[in-house]
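Okay, so here's just one chain, in structure tokens, the form predicted on its own.
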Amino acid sequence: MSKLSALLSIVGIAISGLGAMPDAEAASSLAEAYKQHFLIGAAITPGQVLVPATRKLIAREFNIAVAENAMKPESLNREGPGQYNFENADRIVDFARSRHIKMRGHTLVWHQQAATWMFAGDGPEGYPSKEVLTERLRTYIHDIVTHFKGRVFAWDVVNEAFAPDENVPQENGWRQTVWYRVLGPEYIELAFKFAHEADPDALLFYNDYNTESPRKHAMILALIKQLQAKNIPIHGIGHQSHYTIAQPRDFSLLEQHIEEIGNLGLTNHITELDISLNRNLMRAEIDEASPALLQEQARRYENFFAMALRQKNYVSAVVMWGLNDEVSWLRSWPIARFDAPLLFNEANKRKPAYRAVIKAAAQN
């Protein structure tokens, strides 16, 4: 069995010998429609697993989930060293396990929603020394991954380390975070090493947005090869995939990059998929979800899933960033505005995009 086949088998996905495909048009859920292809899921919140309507929706439709915010360092370890609050994260993870839903962990290392106490010290700019920050990183990752060991099958170990196309503080494309300033580029190596020490069975991912960018993709490929050369486990790349009904023009470049990552022996997860009705992700252009916009969105979702299905040997999960339109982050970022980027509306009803995603499965 190849390395990639072995990885995919861990999450219950076979890449050969599937036999006859079921009629996805007759499927009762997204999970049913895609069960022979890849895992499909959503980012969820602690409150959603308590409310009967959303509990039922999650359990019916999905076979993979991620905590939208409850497993980020700011949520788990805000107060200080060793002071953890696992209540909300455990609620999500325990619910998922009770419904046989696989759980992704998001995210161990990020420059946002961090445990800011980690960055306090008496070194230059008020940061800790390299030795102190390394030990804090080691302790945090070991504690978190060990706590969820056996319940979380995959982790976004490092999130958004590269910014070669952006007007932000950077050095040769490396985002100038505190992690980078104190530890240098090797902070990623350390994070993957510590995560593997804590749970040798977990799949470890680097996660980022705009992964169709050639320059960012080049940095991701270089990272993969660097870690592999040092025998530091990395098992997959997470593609956030925040798109609009107009941008990008198509998904061909992302598809090419997925293939190149697969050819290095890694799997790919689509980790944060949504498709905005605003043609420009950074603007507020609409005030309602008109039938015409919903049909345009449905076509985009169908095209995206057709691409993912073509690459199902290399794509092992697709996760929506949110459960329904009402709770989408795009209603508050980058400004307060109307948007409806997901497969379910505010009333948890299936949208045209949902039917388009089911149709894509039926045709493959």
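All residue numbers are counted from 1 along the displayed sequence. Predicted, not measured: the structure shown is a model, and the values here were computed from it.
Beyond the structure shown, there is the form predicted together with ligand GLA, which is absent from this document and is the topic of what follows.
- In the predicted bound form, no heavy atom of S129 sits within 4.5 Å of ligand GLA.
- Proximity of F153 to ligand GLA in the predicted bound form falls outside the 4.5 Å heavy atom cutoff.
- In the predicted bound form, Q228 stays away from ligand GLA, with no heavy atom inside 4.5 Å.
- Ligand GLA is not shown here, but in the predicted bound form it comes within 4.5 Å of a heavy atom of H242.
- Segments offered: 109-117, 93-101, 249-257, 130-138. Contacting ligand GLA in the predicted bound form at heavy atom distances within 4.5 Å is 109-117.
- Among D199, E272, E189, E212, the residue placing a heavy atom within 4.5 Å of ligand GLA in the predicted bound form is E272.
- Interface residue among S75, T177, N278, N159, judged by heavy atoms within 4.5 Å of ligand GLA in the predicted bound form: N159.
- Annotation for 312-345: interface residues with ligand GLA in the predicted bound form are W321, W329 [heavy atom within 4.5 Å].
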